[in-house]
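Okay, so here's just one chain, in structure tokens, the form predicted alone.
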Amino acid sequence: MIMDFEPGAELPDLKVTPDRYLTVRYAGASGDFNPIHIDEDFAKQVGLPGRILHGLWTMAQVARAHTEVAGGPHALKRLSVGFRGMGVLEEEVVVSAKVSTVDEDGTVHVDSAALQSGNAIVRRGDADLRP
């Protein structure tokens, strides 16, 4: 789905629920085997509620929210995010985004955030798209 981008337009929310095995699969794909992501006992021993999501997986969901409405991965020219909180397994992640400006050359600037149970886990997402 490619949408018309105008300043102030909200992109469709991306909603995804990470299943209990996601961090194990992502560790294998990314090479990030930090035990806070794959070992429940270790994660609890260091004071976490349990295994937590990889930040880069969460950032990838922000990228996905943008590319799905802009026509594909080629449209994403730049993305930066601030990691705010920790994401947990089996709770829906909602990525919301809004067009801030559109340049004369067609570059679309988008602000975004990812929330889980109302808490920001990614904030200050800032992307440039060329749909």
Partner chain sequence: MAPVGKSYPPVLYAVGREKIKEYARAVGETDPRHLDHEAARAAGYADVVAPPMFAVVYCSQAIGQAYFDPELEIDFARLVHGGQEFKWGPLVVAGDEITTVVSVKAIEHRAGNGFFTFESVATNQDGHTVSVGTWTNIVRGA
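Residue numbers count along the first chain shown, from 1. Model, not experiment: these values are computed from the prediction.
The same protein also exists as the form predicted in complex with the partner chain; that form is not shown, yet it is the one meant from here on.
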property: Residue contact check: Gln45 to the partner chain in the predicted bound form, 4.5 Å heavy atom; result: no
property: Partner proximity in the predicted bound form: Thr67 to the partner chain, non-hydrogen atom cutoff 4.5 Å; result: yes
property: 4.5 Å heavy atom contact, Thr101 to the partner chain in the predicted bound form; result: no
property: Heavy atom of Gly82 within 4.5 Å of the partner chain in the predicted bound form; result: yes
property: Members of 53 to 84 lying within 4.5 angstroms of the partner chain, judged by heavy atom, in the predicted bound form; result: Leu56, Trp57, Met59, Ala60, Gln61, Ala63, Arg64, Thr67, Glu68, Gly71, Gly72, Pro73, His74, Leu76, Lys77, Arg78, Leu79, Ser80, Val81, Gly82, Phe83
